[in-house]
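Two separate entries follow, structure 1 and structure 2, each one form of the same protein chain as structure tokens.
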Structure 1
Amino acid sequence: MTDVLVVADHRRGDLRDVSLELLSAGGDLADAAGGDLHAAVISGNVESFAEDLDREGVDQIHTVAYGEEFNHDVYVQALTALAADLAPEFIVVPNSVNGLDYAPAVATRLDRPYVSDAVDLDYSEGTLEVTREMYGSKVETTVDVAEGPFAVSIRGGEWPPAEGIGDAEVSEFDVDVDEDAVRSNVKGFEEVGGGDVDISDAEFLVSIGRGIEEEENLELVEKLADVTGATLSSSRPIVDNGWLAKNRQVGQSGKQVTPDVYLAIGISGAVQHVAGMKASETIIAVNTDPNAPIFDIADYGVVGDLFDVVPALIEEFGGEPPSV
């Protein structure tokens, strides 16, 4: 019992980025424990998902072809049966809406200790050390689980996605689903709060914070996003003020993003916001305060007034700054 089982996450036909991050986290545990790395994908286009999950270091991929979308009862039954068959030492799931839905139920059925929202994992001599953040990410704590088998969910954006081309064995796992125990079904989806944009898929984000001062000044940053081909996002105060829709919010209470470039304009860098964007490949910050926390994680920083810096950037990219 030294193997690791990770559970892929998908939504509306797309495999989510955290699935590949799970493979990295699970691979580290498998190396530390000396076991194999297994991946499971339940429901949806499992054959296509399995191809995407076949990355370097993955030993086996198990598919459960039942239904199209996430269903709590199906996931609980499938994972309980799969874990009973494989007897993995570790079950690793995403700390996503879906993962948080089924993981406690699975852990309870399997009588495993469960630790959620891990940002780091370390396994040595039978003890799993889980690093978590508390009090709005202001405090980092460690939880030692001295006896396995274990169940843990990991926060997205904390591990790099698994890379390379693998040669995993792919097999269909047949689950005798108890239909009477499936008490809900997905009937459809309804976009809420301006769902026209998914900032978590963006490669370049221009993000605005309190420094914009007034709603009418948003036009300036919108122009910058337009001339650079970026997607507009924001910190929580902009959404709380009703200036942008909820789907534009980056942070602990918004979305976690991992773009190639994250341009933070007028954002101080509160821990709640940083938790949602610190995994960005390149972070550029513009702020008048040289001691703003955002500069602690920025790769490049400009200490200056956004109302001077942004128009200059717009002109540099061939645009005409609006009057504000």
Structure 2
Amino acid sequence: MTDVLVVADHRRGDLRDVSLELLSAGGDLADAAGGDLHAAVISGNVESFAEDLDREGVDQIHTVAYGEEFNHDVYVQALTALAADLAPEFIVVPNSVNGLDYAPAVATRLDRPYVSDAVDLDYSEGTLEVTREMYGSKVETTVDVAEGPFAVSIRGGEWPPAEGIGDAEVSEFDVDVDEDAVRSNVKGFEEVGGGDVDISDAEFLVSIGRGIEEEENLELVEKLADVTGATLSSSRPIVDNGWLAKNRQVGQSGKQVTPDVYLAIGISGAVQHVAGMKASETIIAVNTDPNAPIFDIADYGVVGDLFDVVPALIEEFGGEPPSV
């Protein structure tokens, strides 16, 4: 019981980036525990996924050829059977939307303690130490799980992708899927957030967050976008509130953007948002809270009240600030 089993993430024919990061996280644990690194890939084109997963350090890859797309009932059954067969000390899964949909059920069924959204893992003397954030990234905590076997999900982008070419043994794992226990049926997929504007094309984005406080105040940033020729985008709460359309949303569940300049106004910089804009050429942040995580990735910072700074900026470019 020193082995590690990581579970690959894929969607609509593509292995998702976090799959290779899982191999890195799992490889570190396998080294620390002195065990083997196993990877499981369930549904879809498992043979081609297995080839992509065969990186340095991977000992065995288990393919479950059942169905095309993710179904949590199939995943739970397959992983329960794999865990019974391999008895891995660690099961490591992604904290992706699909991970959220099966990992807690797998851990519950296997009666393993579960810790989600790890940003760091450390294993020594039988204790797994998980580093995770709380209170919207304001603090980090370490959570110890004293006794295995363990189940943990990792945050995307925190581990480097596994590299090199491995010589893993690829084997098909037969799961006798109980179809009666598959009680949800995926009917299809839909791309959302089309429409009049594509924020991922913009050179200059003025992006607005919770700090704008009220819908009426949007006029202020609309004016700024107008006088500077910028395109308006936003963080999630603005779209959740229905103040801007979904196609304006930057972040994990919205668009990935890489403009020359990203001007974040009243955006704290939650990890889901940062995932969608960190690759911008230049990031400028305006926020009242000097400790806001957005400043950690900003090139330029303005600690101040947007209701003072934005009107002054509009005037700088010869505009007349609206009274809000």
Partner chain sequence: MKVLVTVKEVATVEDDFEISGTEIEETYLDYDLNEWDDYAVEEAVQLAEAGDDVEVVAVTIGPERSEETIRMALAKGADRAVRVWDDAIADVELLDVETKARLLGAVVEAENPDLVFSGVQANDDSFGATGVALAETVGFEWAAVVNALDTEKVVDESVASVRRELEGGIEELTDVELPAVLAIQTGINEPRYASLRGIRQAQSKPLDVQSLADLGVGAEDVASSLDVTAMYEPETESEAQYLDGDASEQAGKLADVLREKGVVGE
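Along the sequence of structure 1, residues get numbers from 1 upward. It should be emphasised that the depicted structure is a prediction, and the values quoted were computed from it without experimental measurement. Here, rigid core means the biggest group of C-alpha atoms that superpose within 1.5 Å across both forms.
- Matching each structure to its source, the form predicted in complex with the partner chain turns out to be structure 2.
- Relative to the superposed rigid core, Arg236 undergoes a CA displacement of at least 2 Å between structures 1 and 2.
- After superposition on the rigid core, the Cα of Gly26 moves by less than 2 Å between structures 1 and 2.
- The two forms, fitted on the rigid core, differ between structures 1 and 2 by less than 2 Å at the CA of Ile61.
- Relative to the superposed rigid core, Gly301 shifts its CA by 9.9 Å between structures 1 and 2.
- Here the two forms are laid over each other by their core, and the C-alpha of Arg248 is off by 6.4 Å between structures 1 and 2.
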